[in-house]
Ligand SMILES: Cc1cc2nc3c(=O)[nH]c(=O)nc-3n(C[C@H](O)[C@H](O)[C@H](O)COP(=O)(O)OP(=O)(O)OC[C@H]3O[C@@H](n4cnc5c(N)ncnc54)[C@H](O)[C@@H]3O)c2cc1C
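Shown below, as structure tokens, is a lone chain in the form predicted alone; questions about how it binds or moves come after it.
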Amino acid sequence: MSQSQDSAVEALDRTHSVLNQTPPLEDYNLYEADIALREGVRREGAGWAEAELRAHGARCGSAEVIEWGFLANRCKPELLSHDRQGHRIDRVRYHPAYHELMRLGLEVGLHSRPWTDAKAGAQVARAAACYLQGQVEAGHCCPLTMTFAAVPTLRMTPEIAQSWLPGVLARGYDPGDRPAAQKGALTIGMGMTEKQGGSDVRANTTSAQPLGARGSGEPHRLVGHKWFMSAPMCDAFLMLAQAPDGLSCFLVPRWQPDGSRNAIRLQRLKDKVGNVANASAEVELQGALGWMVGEEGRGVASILEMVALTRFDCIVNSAAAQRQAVSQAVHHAMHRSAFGAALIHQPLMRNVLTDLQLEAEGSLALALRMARALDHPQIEAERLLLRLGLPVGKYWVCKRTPGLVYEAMECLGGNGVIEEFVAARLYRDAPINAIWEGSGNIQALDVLRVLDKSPAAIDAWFAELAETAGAEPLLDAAVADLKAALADGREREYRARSLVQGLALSLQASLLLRAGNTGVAAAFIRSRLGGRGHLYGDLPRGIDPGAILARGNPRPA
């Protein structure tokens, strides 16, 4: 073949140049790039943590850590029920990237900081760090959350707390499959749901028989099943089971004190639509050894604080998903051109992206306000606000996330549905927090229970809203409508979702007003409280998209 023929063949190999494709969003600082987060951290009392958050934001935005998120999802956990010799081992094998993500979170104290250094703003600082790491990968956040949330429940029984909390609170990660006494750092999981009950845990049939003395701190044998047990390689699990005097809470370790494996049999791993980096197992308890936590017959009360804190983290991590989705969409629009202009300059795309950023800012504001309430449990008004705010926030923020992520994914066009891009994973993960620990109806019904059992909570809510009374007529009207709706006792359960929506939107609007950015607050209020439609991209005229989009840009100039 002649030289000219070789050149011709080579030219055929080069059919086109790669143009107009968006570069990967990596090697950026998630904290520095997030104006709303930086403002919120300072506003809610954790400005002292900014240096650490900046460092964590740089780590989470690195190409290396972002790749861990992809690898942990691409290589799903694998159940190893037996070893090669046939011994039962009930072990789950994860990709090394999952372990790196766990190590990253545990070493910065996402599971322990507010408990080991309970100064003002500690919960806000932790929430901000979780929000940063949650943007990398959602699945591994589950065991971090459960370990964090288990601490108040473990403290109910001093002998259990003395034995377990040093390892639970340690900043480190030891994934080794061996007894807790041989490890310096421990993680805690949860096993509540059973086949026949779902969210109705009082229908649980797992039984717990005392080995001798009864009551708090005493050993029992548990027989039964768990339909969902998340993160089955944790060192111990908080579970509910029927003791002689009723449903009670138990700490069930993977290994017994004598060094033998506990009778926790992993039957299979769930094949989930999202949250795939984190294993969830079906479990048979064949006489598993567990120690009662809290009072016998008060299992729900014992585990309630853990449940409340998992709800809080669902809010934070859903807000994180919203932020990452908006970041990806804005970043894409900054680099992609169509019909002769960059997407970021096209009016309809600006409407959609601005609307998404407003949603993300409202979600973050609510999450950080609940974090500040967690920082001040000794203040009655804060405690009451939190009691109502956690189910309201979990309902609203988690439920808004799938729609937001979908719209952001659509902004990327065909690339948005390809697994090599993060938007597809965000979309698969988006419904999980809304369903975890009680779906939307459960949260709405819990709000009604709070209104009945703790009527002072709604007074605390309206006291919070009163801080912005008179500032925005639309918000004042929405608050008046909310008061009327709450006072109307007719078909209240039927209307529960509407009531929760009103509670959420009024608080988000008030918080954004107090945050001080009048453009963001006014746009949020006009679009959410002004009778607009339910789809993103329906902003009214007169809003300045440029200033709001600048807040959503993950690579500001």
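Residues carry their position along the shown sequence, with the first being 1. Bear in mind that the values here come from a model prediction, so they are computed numbers and not experimental data.
Only in words, not in the display: the form predicted together with the ligand, which the text now covers.
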item	value
Contact residue in the predicted bound form, chosen from G172, G198, P152, G217 - any heavy atom within 4.5 Å of the ligand	G198
Contacting member of L390, M229, L110, C141, with respect to the ligand in the predicted bound form [4.5 Å, heavy atom]	M229
Heavy atom of L104 within 4.5 Å of the ligand in the predicted bound form	no
is_contact(I442, the ligand) in the predicted bound form, heavy atom dist at most 4.5 Å	yes
Contact test in the predicted bound form: N275 vs the ligand, heavy atoms, 4.5 Å	yes
4.5 Å heavy atom contact, E100 and the ligand in the predicted bound form	no
Contact stretch among 317 to 325, 255 to 263, 429 to 437, 367 to 375 - heavy atom within 4.5 Å of the ligand in the predicted bound form	429 to 437
Contact set, 134 to 160 vs the ligand in the predicted bound form - heavy atom within 4.5 angstroms	M146
